[in-house]
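One chain comes next, on its own, written out as structure tokens in the form predicted on its own.
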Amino acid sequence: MVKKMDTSSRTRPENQLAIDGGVPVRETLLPYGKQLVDEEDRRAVDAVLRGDWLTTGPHVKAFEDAITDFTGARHGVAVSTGTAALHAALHAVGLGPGDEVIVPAISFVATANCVLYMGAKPVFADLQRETLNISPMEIQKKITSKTRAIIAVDFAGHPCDHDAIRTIAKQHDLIVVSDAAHSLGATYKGRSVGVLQDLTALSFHPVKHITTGEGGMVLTGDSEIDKRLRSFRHHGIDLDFHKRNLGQTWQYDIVTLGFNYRIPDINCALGTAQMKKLPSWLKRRREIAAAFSNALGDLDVIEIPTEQSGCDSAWHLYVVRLNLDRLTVGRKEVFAALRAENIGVNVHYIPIPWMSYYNSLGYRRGDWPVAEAEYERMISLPIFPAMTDEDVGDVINAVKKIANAYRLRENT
């Protein structure tokens, strides 16, 4: 719906792009993602502030229990960030210098950075074009005698081909870490994300499915790994504060080089309150994705995302890909035009090997043809549970407006 912002704007044609002086589809910017915090959440945090424990208290376990109950995972260890979750997972499986870990060429940089934290080497694999997830065939090509693990990212909330990856891992005696930062609430062949691989890392950043402000968690079915994770998040100490307090002892020991990756009770109280709303929020994300797909699926200038058979995406992102051969402009111009319409589009993500730091480690462009080609076409549309139907309509109208303006005339 076009909003008339002032009297003078009425003289301008509705189909004129805002970037060219036309009336924006919206008066205010709609971000690509945003947290939703209500009074129940605020009361939960306030109760912690009025209590005795601000950190390492009972709300941490309550939050861990809420996540494991939802996912079906046996153990959950909450940490300070999603990046900390990945780091802790790789520590818990004993990764070290000389080891190689296969990761997707496109993800948030934490997926590869956590490998470097352990002194190991990230080996980038190309993607499946259909889902933009890591390709099992490309994983197979990257395995060497030094390969110890695979990090499988559920890009945009759509599960990877977990069975194929698991089969490859068993053949080569590899650990699989599922990077499910985008996919809490997704399912794969009827199974919940969180129980698909050896370990699963989650993120609770404000744009994710629930938030703790900052926070993460590692899920596992292995009791020994659970024990290592709990020690690692607390400086490598073998006995936590509560056990020492109950035992009336001051003694403790450092059994590994750990980090201070503890998450406060304040954050966990917020997360536990948010978990009560997760099913309805997932439903809303799926409704928005369906509305986009129904309205934009016939546009010849974009390719909409799809779900593979047996998968139920959590729709963290809604990534369209431009058919650049049918447009008179490139991705940069389309991005700028959508932003001018006050649609807060983004791009997820620049290929990790293209980053300057990774260039300094010897990685070069050109080795991941699918990832690199598809990156040039990607634009993420806004999608988050607090979006109203009017917000959804604004996104659809803006995309159609720009598609019409920039479409090659012979393709109309």
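The structure presented is a predicted model; accordingly, all values stated were derived computationally and were not measured. The numbering used is simple: start at 1 and walk along the sequence shown.
There is also a form predicted in complex with a small molecule; it is not shown, and the following applies to it.
A.B. asks: Of Thr147, Asn342, Ser192, Thr81, which residue is found within 4.5 angstroms of the small molecule in the predicted complex when only non-hydrogen atoms are counted?
C.D. replies: Answer to the contact question: Thr81.
A.B. asks: Pick from Ala291, Met275, Ile302, Ala110: which has a non-hydrogen atom within 4.5 Å of the small molecule in the predicted complex?
C.D. replies: Of Ala291, Met275, Ile302, Ala110, the residue with a heavy atom within 4.5 Å of the small molecule in the predicted complex is Ala110.
A.B. asks: Considering non-hydrogen atoms and a 4.5 Å limit, does the small molecule approach Lys208 in the predicted complex?
C.D. replies: Result yes; Lys208 sits at the interface with the small molecule in the predicted complex.
A.B. asks: Considering only heavy atoms, tell me if Ile165 and the small molecule come within 4.5 Å of each other in the predicted complex.
C.D. replies: Taking the distances in the predicted complex, the answer for Ile165 is no, it never comes within 4.5 Å of the small molecule.
A.B. asks: Tyr349 versus the small molecule, in the predicted complex: is there a non-hydrogen atom within 4.5 Å?
C.D. replies: Yes, Tyr349 is a contact residue.
A.B. asks: So in the predicted complex, is the small molecule close enough to Ala92 to count as touching (4.5 Å, heavy atoms)?
C.D. replies: Residue-level check for Ala92: no, no contact with the small molecule.
A.B. asks: Going by heavy atoms within 4.5 Å, which of 327-335, 83-91, 119-127, 303-311 lines up against the small molecule in the predicted complex?
C.D. replies: In short, 83-91.
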